[in-house]
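Provided below as structure tokens are two forms of one protein chain, presented individually as structure 1 and structure 2.
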Structure 1
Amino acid sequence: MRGRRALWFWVFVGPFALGLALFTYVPLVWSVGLSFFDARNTVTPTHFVGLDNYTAMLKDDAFVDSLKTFLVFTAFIVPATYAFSLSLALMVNRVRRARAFFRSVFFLPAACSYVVAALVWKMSIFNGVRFGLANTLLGWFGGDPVAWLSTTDPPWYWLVIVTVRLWLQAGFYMILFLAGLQRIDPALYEAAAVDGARPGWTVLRHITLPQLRATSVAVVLLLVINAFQAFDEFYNLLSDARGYPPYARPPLVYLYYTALGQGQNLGVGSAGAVILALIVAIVTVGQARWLRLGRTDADG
């Protein structure tokens, strides 16, 4: 009986474990090894160069600028998504009828492809001509058309990038906040009402947000990690037949052009990927410790 259970376990888990090993772990290990070699136009290590690839990457101003782009993107998208998804969750949680309908409607964009959403934003909403939706609205108020994706002073492209990511992911984090809200004991709100607490900001600040602390920590960590992985919206919004512009180039876009561009320097690209992975790990662990992830009030 025990042997049959083990057999069925590997029947169901085996294909997934094999695919995970072949297409995730093996490439990861190979990429780390490749970062110590001179590998141009090939994925086969040739000449061992030690830490030279890492030194070249850290001295590359374009790579440093890509990290600055990530910081700007994170500063925009993390608080915007947190506030918007929490607001949606609070509103949906107060609905007494058709709650499932509103929950599904707000979550639906999360199932949309990032590529498709980016093209809709680029071609229909912020396409830079006077017939685009955004410029049409500006025209109603007497404004001139704006080239949203090519204007760098002021940098209107951030509005396009942030809004498409916000539309895509707010519904997912709304679901996380809804799960946290439904775990709050209603007796806390009843006791607050008896004590004279006014519904609104006072209850939100002193009851709802403290009770959502664990959910908030998880949401912030996921938002920062997802911001590090930004690629699709940047690439599909800003690139064209002439290539990618020199501005708003996040780390993954920079590494894409380094490893698969004209030079195809896979050794340096792999070193950049390892550096980026280490930064993500350090930031995640630092956030977890700062936000006291996994600790309770009794732990101090």
Structure 2
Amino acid sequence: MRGRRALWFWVFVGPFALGLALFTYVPLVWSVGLSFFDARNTVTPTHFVGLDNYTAMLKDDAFVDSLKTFLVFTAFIVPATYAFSLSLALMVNRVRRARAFFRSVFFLPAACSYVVAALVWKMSIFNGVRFGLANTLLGWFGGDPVAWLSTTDPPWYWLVIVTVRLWLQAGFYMILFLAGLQRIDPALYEAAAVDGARPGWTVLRHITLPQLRATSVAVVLLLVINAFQAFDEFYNLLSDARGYPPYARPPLVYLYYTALGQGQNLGVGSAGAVILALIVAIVTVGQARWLRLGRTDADG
């Protein structure tokens, strides 16, 4: 009986475990190995260089800049998405009619590809010539066209980058918040009303937000991890005709260029990836501790 169970366990789990090992763990370990070698244009290097790749990466201004880009991006996108998706959820939760319709409409962008959305943002909404959508709007008010993605001072490109991701992901987090909102006991609101709490800010501040604590923690954690993984929209919005993004490169875009692009420096690229993985791990563990992940709403 026991043997039979084990067999079925492997029948169902085996293919997945095999794929995971082959396509995730082997490359992972291989990449850690590569990071200690001088690996240019080869995945089977012979020249061991110790920690040289790591020091090269940490001394590289462009890599340090990419970490700064990530910080700025996170500082914009995490609060913006949190506030926007929470407001959407509160609104959708309150409508009495066509709730399913609004829920679907706001969730719909989540089904769109990052690449496609980035191209729409780049070529039609925020292109720099006078007939782009944003510039047409500016023109009605007498403004001069702005080259949104090409202007670093002021850095208008952040507006493009943040809005495209906001549009794409707000609907998904709205669903998470909606689920959280629907789990709040209506009796709490009734009790608050009886105690004289006015609907609106007071109720939101003292009932809704504390009750959403667990959802909020999960949302913030997911948002930060997603920001770390940012690649598609940065690469597609900012790279030039030859596929080189000249600025605002988050870590993955920079590593992609170093290791897999024309650079083909797999040793240094792997060292960067290991450093990045360590940073993600530390930040996530720290954040989970700090926000007390895993506690239920009632503990909050």
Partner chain sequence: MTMSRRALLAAGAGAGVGLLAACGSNTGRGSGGSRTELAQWYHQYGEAGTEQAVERYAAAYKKASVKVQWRPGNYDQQTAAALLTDSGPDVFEVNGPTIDQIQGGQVVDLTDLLKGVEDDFNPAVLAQKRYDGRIWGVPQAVDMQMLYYRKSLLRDAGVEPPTTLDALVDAAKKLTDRKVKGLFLGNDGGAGVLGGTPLYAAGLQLVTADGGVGFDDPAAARTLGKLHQLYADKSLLLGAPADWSDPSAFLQGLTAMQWCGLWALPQVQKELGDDFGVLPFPKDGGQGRPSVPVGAYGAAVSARSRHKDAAKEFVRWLWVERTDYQEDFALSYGFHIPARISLAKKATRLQSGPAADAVRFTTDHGCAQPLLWTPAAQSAYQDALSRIIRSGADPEGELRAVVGKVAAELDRVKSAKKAKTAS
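All of these numbers come straight from a predicted model, not from anything done at the bench. Quick note, the numbers are simply positions in structure 1, starting from 1. Superpose the two forms; the largest set of C-alphas matching within 1.5 Å is the rigid core.
Participant: Looking at the two shown chains, say which is the form predicted together with its partner chain.
Facilitator: Only structure 2 fits here, because that chain is the form predicted together with its partner chain.
Participant: Superpose on the rigid core, then tell me if the C-alpha of L278 is displaced by 2 angstroms or more between structure 1 and structure 2.
Facilitator: No, L278 moves less than 2 Å.
Participant: With a threshold of 2 Å on the C-alpha, tell me if K68 counts as moved between structure 1 and structure 2 once the core is superposed.
Facilitator: Comparing the forms between structure 1 and structure 2, which are aligned on their rigid core, K68 does not shift its C-alpha by 2 Å or more.
Participant: Comparing between structure 1 and structure 2 on the rigid core: C-alpha of Y244 shifted by 2 Å or more?
Facilitator: Shift of 2 Å or more: yes.
Participant: I need the CA movement of P15 between structure 1 and structure 2 once the rigid core is aligned, reported in Å.
Facilitator: Core-aligned C-alpha shift comes out at 2.9 Å.
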